[in-house]
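What follows is one chain in structure tokens, specifically the form predicted alone.
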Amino acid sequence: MIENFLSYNFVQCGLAAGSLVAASCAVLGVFLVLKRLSLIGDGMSHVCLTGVAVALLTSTSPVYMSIPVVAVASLGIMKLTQKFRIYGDAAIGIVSAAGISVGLLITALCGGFNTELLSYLFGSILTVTWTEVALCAGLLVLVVGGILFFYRDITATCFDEPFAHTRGVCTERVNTALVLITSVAVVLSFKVVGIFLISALLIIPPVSALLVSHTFKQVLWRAVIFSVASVWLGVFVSFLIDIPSGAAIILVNLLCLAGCYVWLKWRNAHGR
């Protein structure tokens, strides 16, 4: 069964893209969770609907159209929090509402929901192309390279932003870079799990890793392992019993989170 499953080219392509996106989202999600900006992925995912709707209206690529749209929205969230002194969750809510309302309006102009749009809303990992796999690989290289090169600045900003600022770290630049890279990750994730479930891929694996880790580096690599494993197991389960792959991936993540929570309780009860 597994050999037949992996023999299909579209499955190989989907697993490659899913693994690359899952790893990127896991690493970015750790920093977003620590900065209490985890819901920014939810806001950006709703803005994705606008990008996809515009792409379908203009017959262009949803990926290439959505990246600048979501990037501008992410910068909008940053400006709302900085210039107008609005709390982060409120800024995310405003941009999220704007994104989904504009997206629905453009969708209506396109003639309503169709099969292609639904595939972006709920995920269609087995329709990913090798070109998109290359984009996902580039994203992972960008994420890992950026983390390694600016590791001290990023970690200092996440754990104590005022202190990092006094030490000469340009925290505004770090935050801007983080949300911009996240916006690209969100766009490349909508074929893997769907627009409505992207935020779960950014939040659940890091939270699972935080429950069972003692050091920051453990959180990073365990979040990546949980996220990538959930993609492989979720796609296999969806292939086996014919259910949506995006939902299956997130359900596997939720089971992993529950398992980590149970293990944490057991460890605390036994004093380990």
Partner chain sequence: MPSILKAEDVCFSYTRATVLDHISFDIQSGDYVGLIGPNGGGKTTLLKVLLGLEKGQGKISLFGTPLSEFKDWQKIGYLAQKSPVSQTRFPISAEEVVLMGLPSRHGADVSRAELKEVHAAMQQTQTREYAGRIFQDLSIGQQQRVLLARALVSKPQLLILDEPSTALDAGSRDMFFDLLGRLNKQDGVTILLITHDTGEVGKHISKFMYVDKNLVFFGTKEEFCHSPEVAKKLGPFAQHTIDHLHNHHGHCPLGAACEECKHD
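Positions refer to the first chain, counted from 1. This is a predicted model, so every value here is computed, not measured.
Note that the form predicted in complex with the partner chain isn't included here; everything after this is about it.
A.B. asks: Answer with one of A137, A71, I100, V169: the residue that has a non-hydrogen atom within 4.5 Å of the partner chain in the model of the complex.
C.D. replies: Exactly one residue meets the criterion: V169.
A.B. asks: In the model of the complex, which of the listed residues (V63, A229, L34, L56) lies with a heavy atom within 4.5 Å of the partner chain?
C.D. replies: Result of the distance check: L34.
A.B. asks: Within 4.5 angstroms, counting heavy atoms, which one of the listed stretches 48-56, 63-71, 209-217, 231-239 is next to the partner chain in the model of the complex?
C.D. replies: So the stretch in question is 209-217.
A.B. asks: Might W130 be said to contact the partner chain in the model of the complex, defining contact as any heavy atom within 4.5 Å?
C.D. replies: Answer no; every heavy atom of W130 is more than 4.5 Å from the partner chain in the model of the complex.
A.B. asks: With a 4.5 Å heavy atom cut-off, would you call T155 a contact of the partner chain in the model of the complex?
C.D. replies: Output for T155 is yes: heavy atoms within 4.5 Å of the partner chain.
A.B. asks: Please check if K79 has a heavy atom lying within 4.5 Å of any heavy atom of the partner chain in the model of the complex.
C.D. replies: No.
A.B. asks: For the heavy atom contacts within 4.5 Å of the partner chain in the model of the complex, list the residues of 237-260 involved, in sequence order.
C.D. replies: None of them.
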